[in-house]
Structures are given as structure tokens and as C-alpha cells.
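Listed next as C-alpha cells is one chain, alone, in the form predicted alone.
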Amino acid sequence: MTERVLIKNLAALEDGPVSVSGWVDTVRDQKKVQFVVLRDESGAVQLVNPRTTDAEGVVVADEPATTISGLSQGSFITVTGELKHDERVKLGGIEIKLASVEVLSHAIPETPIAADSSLDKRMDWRFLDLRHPKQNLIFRIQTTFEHALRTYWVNNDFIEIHTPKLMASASESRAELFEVEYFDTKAYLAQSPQFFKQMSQAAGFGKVFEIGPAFRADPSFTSRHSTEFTSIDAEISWIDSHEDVMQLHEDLMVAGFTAVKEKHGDEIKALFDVEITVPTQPFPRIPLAEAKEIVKSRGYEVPREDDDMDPEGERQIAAYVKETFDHEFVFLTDYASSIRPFYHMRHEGDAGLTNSYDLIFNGVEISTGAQREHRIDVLTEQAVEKGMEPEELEFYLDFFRYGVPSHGGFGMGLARVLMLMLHQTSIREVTYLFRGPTRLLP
């Protein structure tokens, strides 16, 4: 039995017998020779089959020629043959002269999507769309990025937690929550692991992380929103301010981008025409009020009635940071307490500001982080001020009645990071299966 070889490993082999498996990308069925481009999860290779002719030069219908003539794009096949290195072959300088072709699964000849299909159409046929080398690369990049973050966390004694996604009450926010039937009562899909991350601090875990699903009943149809997404979360104890959280956040991003650049940099350049830049430390930090003034000086005044920044403001401040610091990242800090959750710690001496930040990457917010309020009396007061009933927060407030260290953390959207890293126009491109207000399939 000839063992299957991944296509990416063929170049390192000597000429000789080989077996590969994959799906048919293209077939050129010529009179004297047949060519097939075969793809697997690692790459593509050219297969070649010289046609047999009789004594009078007439092509003979033999095998594997007959099977090759009947191949349709997308069919899965296993082939055996002779590997040959030939620098004249444009596809990797190697080819396989075929001895046999086994069709494992026939594909319908007419494919439902093409290179110019709309994004929605491609999402309808996502399993076919994902066969494209660019899509394959996205999810190898995702794997590398997540692995780099996990490696950092594990090497720095973080504990991985898996928090529940079914909540008994709409405790963190009454907005944008999915309500589901739960036996004889109601449950809510978690928007984030926030409360449970903080519970781990009261439990004495010290440093924790989680990569898991989060849900937002947000009817937005923008390129950066989804109703289900993968959230990257971390929480740490014994901090002095949100500056400690930002330092952790920087370290993680540098670790992730370094790993992606080292492993996939050349492929990203070839397929996406994007040069991955590992960010330098420290990242620029600009208080939100100052950022708004900078944006205003550039000719744009944020029109919001609240104290927050808007998407165009984020793009403008990112452009300023790129021009001034040649940096793709910027921390906007010191957000107003009026637009931050009740559990964000407020400035000492100025309750109108919080020890919090948003991380902006290439003009889009990818994360929110903060120092949390750990003093039970202050926390309760801030919840009431936000219009929340302490009775509804009892399970959460109990964490702080039995002692908890100063702590803080962040939550970051994985898809947004990948979208901006690869300069894509929508998170749908970098999400395995996207969920939005009008999409529950496939």
C-alpha cells in the first residue's frame, strides 16, 4: 500500500512512486496528453497522463484516460503515479505521471458559485467557498494566532476557563440579549464571560483566559457585526490600573502577530498582498477627550450626543496615529463613566471618567478593557446609578462580599482582528460560519 502524501510535502521527496488525494481543481483533456490540477488541504499539484495511441496514431480509450475525461471539478480522487521534479512545471516545479485514478466522490459538474459570485451567494455555499486557497489560509492563520496567545498565557501561568453561555438573568445588560426557553423558565445567551471572569478573581485564580462564543441580539448589518462571535477574554488580579491590562494586551498582540508573520507571512503576501507588521511597543495611548479634539482638528466632529467615539472618528484617529507614529494600533483611554458599564472603576478624584480603554486596529475598535471596581459599596452604588436593581445582581455582588483583589481584563473579537489583519472588507470573510440577523444557514 502506497501511503498518502500531503501535496505540500511532495517537493521534499525524491522522484518515485507516490500517492496523493484531494479534489479536482481543473482538467485539461487534450488529444495527446491530459492534465489535472489536484488540490488538498495543503496545496496543489499537476497530474499528467500521456494518451495512448495505436499503431496508426489513433487515441485509445484506456485507463486512466477514460476516468480523467469524466472528471468534474470538485470530485474527490486518489491517484498513484511517479513523482517527477521538473523546473519547467509552473506549479511548484513538480508533477505526477499518473498510473491510476480512483474516484471516491463525484461532484455535480455545474458549481453554484464562481469567482465573481456575491458574498451572500458564497455564504450560501460556504463549504465550496472554503476550498479556495485564500479561505484555507485564513483559518490556518486563525489557528496560529490563537495558539500563540494560548502559549503566552500558559507560559505565564494563566488558567484557562470555560464559562457557561446560558445565563439565568439579564444581569450585565438588558439590551441585545437572546432569550431562550429553558425547561419551565427563561434563559439568556451570554454576551460575554465578564461576570464569570470576575468570579475567578474572587476564587483566587489570579490570571485567567477564555476563547469562546458570545452572543449579541444586535440587528446591525455592518461589515463588523455578527450575532454570534468568538470572544478572546483575559482577566488578571493585583493590578494598579488599566495600564497593567493594556500591557498584557500589547504582549498578546505582539505574540500573535509575530507567530502569524513567521509562519504565514509569505503566503499572506502572495494571496492577500498584505505585509504583516508586528506592532512595536508601547502602543500609542490617547485619552478619548484628546482624541476627539485631534479628530476635530482634522475636519471631522463626532456627531454623537453621548460621550462615545463613532466609527468615522475611529478611522480618523487611526489615520492620525499611522501618520504620526507609524502604528496600526492605538489605545483610546479614559472613557466617560456615562457610556461605560457599572463595573468599570472610575478615576480617583473624577467619577466622570473610568479606568478603561478601547483598542483600535486599522481604524476599527477590536476590544474593550478596563480595571474593574472591586469595592462592594462602590460597585453597588454604581449599579444603582445605572438604573440596575441590586437584587437582580445578588449572585454577582456576592463575589465582592467575601474579598476580591483589584483586577481587570479585556474582551476582544477574534473575527475583527483577522479581518483587519488581512485587510478584508467584512468579518463574514474570516468567520467559518457567519451568523447575522438574517442568516442561520448553513
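Since the structure is predicted, the reported quantities are computational estimates derived from the model, not experimental observations. Position 1 is the first residue in the sequence shown; the rest follow in order.
Beyond the structure shown, there is the form predicted in complex with a further copy of the same chain, which is absent from this document and is the topic of what follows.
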item	value
Non-hydrogen atom within 4.5 Å of a further copy of the same chain in the model of the complex for each of 139, 240 and 403	yes
Non-hydrogen atom contact residue 270 with a further copy of the same chain in the model of the complex at 4.5 angstroms	no
4.5 angstroms heavy atom contact with a further copy of the same chain in the model of the complex for residue 227	yes
Residue contact check: residue 426 to a further copy of the same chain in the model of the complex, 4.5 Å heavy atom	no
a further copy of the same chain contact at residue 160 in the model of the complex, heavy atom, 4.5 Å	yes
In the model of the complex, the residue from 306, 326, 181, 120 that sits within 4.5 Å of a further copy of the same chain by heavy atoms	181
The single option of 29, 381, 41, 63 touching a further copy of the same chain in the model of the complex, heavy atom within 4.5 Å	41
Options 209-217, 359-367, 288-296, 330-338; stretch whose heavy atom lies within 4.5 Å of a further copy of the same chain in the model of the complex	209-217
Residues of stretch 410-442 in contact with a further copy of the same chain in the model of the complex (4.5 Å, non-hydrogen atom)	414, 432, 433, 435, 436, 437, 439, 440, 441, 442
